[in-house]
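The form predicted on its own is given below as one chain in structure tokens.
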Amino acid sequence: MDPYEIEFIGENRIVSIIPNFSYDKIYLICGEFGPFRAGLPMNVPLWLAVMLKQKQKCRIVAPDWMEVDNLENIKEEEKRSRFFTKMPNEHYMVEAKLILGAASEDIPNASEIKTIIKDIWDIRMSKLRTSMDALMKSGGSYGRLDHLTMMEINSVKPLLPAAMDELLRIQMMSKKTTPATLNSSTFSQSGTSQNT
């Protein structure tokens, strides 16, 4: 999958909005939403929330996980833990990018939230690079990385398969040369013992 496909999947997350208009139910392929009543919160897919916000038809309500205290706790836990911690949302980067990009004025402490989310991403990417490096140095053929999001996995996709293929090629070449070396030394030892 490429980043656009991951973003497309993430855009289907349900978020809360407060519309400033009234309208009957709307019927979409992904379900029905509404009725829309001005001032009453309701849940819609993220893509619809962003579209309505761009048309100035609603206010987007920040998800519970998108609060400074929650994000600071996640950041500290991510720093402390040797392993990846479970994120509050599988598509946290997509959701944060879209909500903060379209409705930063609706989100309290938007710039601070953006900074903390970027810090969390950087910490997780550093862990991922370190894990990949350890895997390559150990000569392992597989690794287990729990709690990675689709976007994080996609960020290493261009490098990891090629690196694993190269590692396998080197291992296969070393297996081919090792028996040949053993056979020739065994042969010369036997040849020497037969001559004596």
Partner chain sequence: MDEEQLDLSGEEEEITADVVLKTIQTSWQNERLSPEILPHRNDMVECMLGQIQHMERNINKLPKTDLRTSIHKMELSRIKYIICNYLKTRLEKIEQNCIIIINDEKQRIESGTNYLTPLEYRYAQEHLLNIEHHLKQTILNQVPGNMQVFEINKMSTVPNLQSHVFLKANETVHGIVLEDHFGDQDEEIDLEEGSQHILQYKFIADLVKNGKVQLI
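Numbering follows the first chain given and starts at 1. What you see is a predicted model, and the numbers here were worked out from it, not measured in a lab.
Omitted here: the form predicted together with the partner chain. The next part is about that form.
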Report task. Would you check, heavy atoms only and a 4.5 Å threshold, whether residue 60 touches the partner chain in the model of the complex? Result -> no
Query raised in the report: Does residue 37 reach the partner chain in the model of the complex if we count a contact as any heavy atom within 4.5 Å?
Result: no
Query raised in the report: So in the model of the complex, does residue 66 come within 4.5 Å of the partner chain, heavy atom to heavy atom?
Result: no
Requested in this report: Classify residue 9 as contacting or not contacting the partner chain in the model of the complex by the rule of any non-hydrogen atom within 4.5 angstroms, answering yes or no.
Outcome: yes
Query raised in the report: Is the partner chain in the model of the complex near all of 14, 17 and 41, within 4.5 Å of a heavy atom of each?
Result: no
Query raised in the report: Taking the partner chain in the model of the complex, which residues of 64-95 have any heavy atom within 4.5 Å of it?
Result: 90
